[in-house]
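The form predicted on its own is given below as one chain in structure tokens.
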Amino acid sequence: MKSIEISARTVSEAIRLALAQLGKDRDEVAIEVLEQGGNGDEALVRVTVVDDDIDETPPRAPSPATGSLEQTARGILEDILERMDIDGYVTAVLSTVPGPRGEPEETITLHIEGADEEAMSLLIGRRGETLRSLQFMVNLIVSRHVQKWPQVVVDVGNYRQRRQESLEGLARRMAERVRQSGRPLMLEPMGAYERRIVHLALRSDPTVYTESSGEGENRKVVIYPAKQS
């Protein structure tokens, strides 16, 4: 499967540019909105060519007609783990989180439990890269069932919670440095999910504001001192 990430002023423009670059129509791709844009930040989308010749439908996953979205997502992830020869079980938790513009957004979190430490390390990968790829694969396959892009988060060993707490602490420490120096500070490259954590952690801080900068995998959060009125 070929996948590209495109940023533009709006989501629709980013999708149009991606389709033109891939030479595909809208019904031939899966679209994931990584960042909605706004407030001076560009929108970012990931567009993946869907190959109908690839068998992406796990035989054990229930269809929307016979099971809920949570059941479908859980069954797909369980089948992937079985094919990876990883012992573990999956629980699904439905929650509502703030969206990019503050609107409520339903998210299904799939927790992988019962795996040994070696398997957990394998699933997480370096700085969570494997876990993000696994999550994207699950969302892609689920989207083939429900005909829309779902909001499914995959977690293992509570890694995402620990990573979120670490990023929130980092954001607050770097914001303090920005306040003291009066100069902007750029963080390390992060995925869209982790950049959102930083943005949300500092959203209510009146002394600083954040924006994303860069392209694709090199996009970073920049923390700026608040503009003086």
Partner chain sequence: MKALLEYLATSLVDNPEAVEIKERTGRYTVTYQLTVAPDETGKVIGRSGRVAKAIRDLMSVAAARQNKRVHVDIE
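The structure displayed is predicted, hence computed values, not measured ones. Throughout, rigid core stands for the largest set of C-alpha atoms superposing within 1.5 Å between the two forms. Positions refer to the first chain, counted from 1.
The same protein also exists as the form predicted together with the partner chain; that form is not shown, yet it is the one meant from here on.
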item: Contact flag, residue 159 vs the partner chain in the predicted complex, heavy atom cut 4.5 Å; value: no
item: Residue 115, heavy atom within 4.5 angstroms of the partner chain in the predicted complex; value: no
item: 4.5 angstroms heavy atom contact with the partner chain in the predicted complex for residue 153; value: no
item: Contact flag, residue 144 vs the partner chain in the predicted complex, heavy atom cut 4.5 Å; value: yes
item: Residue among 133, 95, 91, 71 with a heavy atom within 4.5 Å of the partner chain in the predicted complex; value: 133
item: Contact at 168, 183 and 208 by the partner chain in the predicted complex, all three, heavy atom at most 4.5 Å; value: no
item: Interface residues of 70 to 87 toward the partner chain, as seen in the predicted complex [heavy atoms, 4.5 Å]; value: 76, 79, 80, 83, 84, 85, 86
item: Exceeds or equals 2 Å, Cα of residue 122 between this form and the one not shown, core fit; value: no
item: Residue 142 C-alpha relocation of at least 2 Å between this form and the one not shown, rigid core basis; value: yes
